[in-house]
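The chain that follows stands alone, in the form predicted alone, written as structure tokens.
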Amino acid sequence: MNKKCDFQILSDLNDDCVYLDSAATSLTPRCVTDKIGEYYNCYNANIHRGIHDWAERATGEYEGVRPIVKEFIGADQDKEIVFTSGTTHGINIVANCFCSDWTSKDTVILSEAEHHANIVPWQQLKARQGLRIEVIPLLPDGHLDFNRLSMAIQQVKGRCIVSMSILPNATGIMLDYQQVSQMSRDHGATVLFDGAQSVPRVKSDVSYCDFLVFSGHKIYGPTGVGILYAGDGLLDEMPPYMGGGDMIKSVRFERTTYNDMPWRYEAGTTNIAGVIGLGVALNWVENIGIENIYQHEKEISDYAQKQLNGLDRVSVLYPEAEKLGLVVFTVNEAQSVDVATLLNTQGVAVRSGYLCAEPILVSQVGRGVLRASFGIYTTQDDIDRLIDALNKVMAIL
């Protein structure tokens, strides 16, 4: 499958560029950028406030995205879909609203492989309110240690939320989220899944969680927009994360009455164009078929790992584990930033450093890494270009 033709940025003007940084930001197809342009050029107005034609059209297009998201992730109701600025924003809403009154009796359980966005908000909450954070390590093969998870959940005295990434951006190894869900719910724990990397390539099913967060710019949509799925009733009466316009029903100096879900958590003027663009991106993905995207990226990931494992000076993180969407590696006796810089001179774009996941990489590697990550537009020829470029780099370093 080759969808390069749908992306203006991959046109003949950038024919020499091999983009292998999709885990950071996927590219955006022309249909999405055209729709965003249409909003700004044809009916650029604020939502929920005006009664003129442009405002009515903008509101209709914006609110029309909720049922698209609902169907895409298997939710039951439109009101369970909250528009956010991205995955980070969604996790912060849950931490600051759902867990607003948690104390030292309550526990957050994370995996060792979490992105900073699923670590720092909980640390901030711990500093303010004293709740406990338990970190579940990975096994030597890169999978979650379920024995340790079981022990941690059983030791919880108060409330508990298990918050984990379905597809960690520093390992590329799928979490057995169904087992995490069952084990958590058997002990009365709430489940939050970070779907930033999984939602673009694996069929989502929110029946396994209470909260799901993901970002538009990881699933071929715009930056600055994302989704928080919140199961019915979980946030309906919680104190809102932000105050301002659109999250209110009535305001007096003496008292403010907050709006219903989901607008209760959408204060101020949101990223209207971004939400509308996200709806187009999700429809574009649906037209291709998430199963087809999964199969394509699985084949690319397998091929990339095999080729990288065959290079003498290259060490792949968890080299025997199946990956999806990305492969993390190092070049022996070379700094990751130097390798990435030299790859860039050959038109190959990869990520270097700690990938916003310092704890797992410091623990398992001890230094910065390189990450090649893939999208629906990635081809085996792109991987061959990476390997050829790496061989030239290693001849220099």
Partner chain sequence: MTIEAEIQDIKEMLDDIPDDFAKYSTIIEMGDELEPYPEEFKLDELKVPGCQSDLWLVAERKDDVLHYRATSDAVIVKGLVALMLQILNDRTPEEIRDFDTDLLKELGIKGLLTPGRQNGVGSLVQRIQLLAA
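Predicted model only: the values in this text are computed from it and were never measured. Numbering follows the first chain given and starts at 1.
A second form of this protein, the form predicted together with the partner chain, is not displayed here; the remarks below concern that form.
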_Considering non-hydrogen atoms and a 4.5 Å limit, which listed residue (T33, T59, Q364, S352) is close to the partner chain in the predicted complex?_
S352
_Heavy atom contact within 4.5 Å of the partner chain in the predicted complex, the stretch among 333-341, 34-42, 49-57, 63-71_ = 333-341
*Exercise: I396 in contact with the partner chain in the predicted complex, heavy atom 4.5 Å*: yes
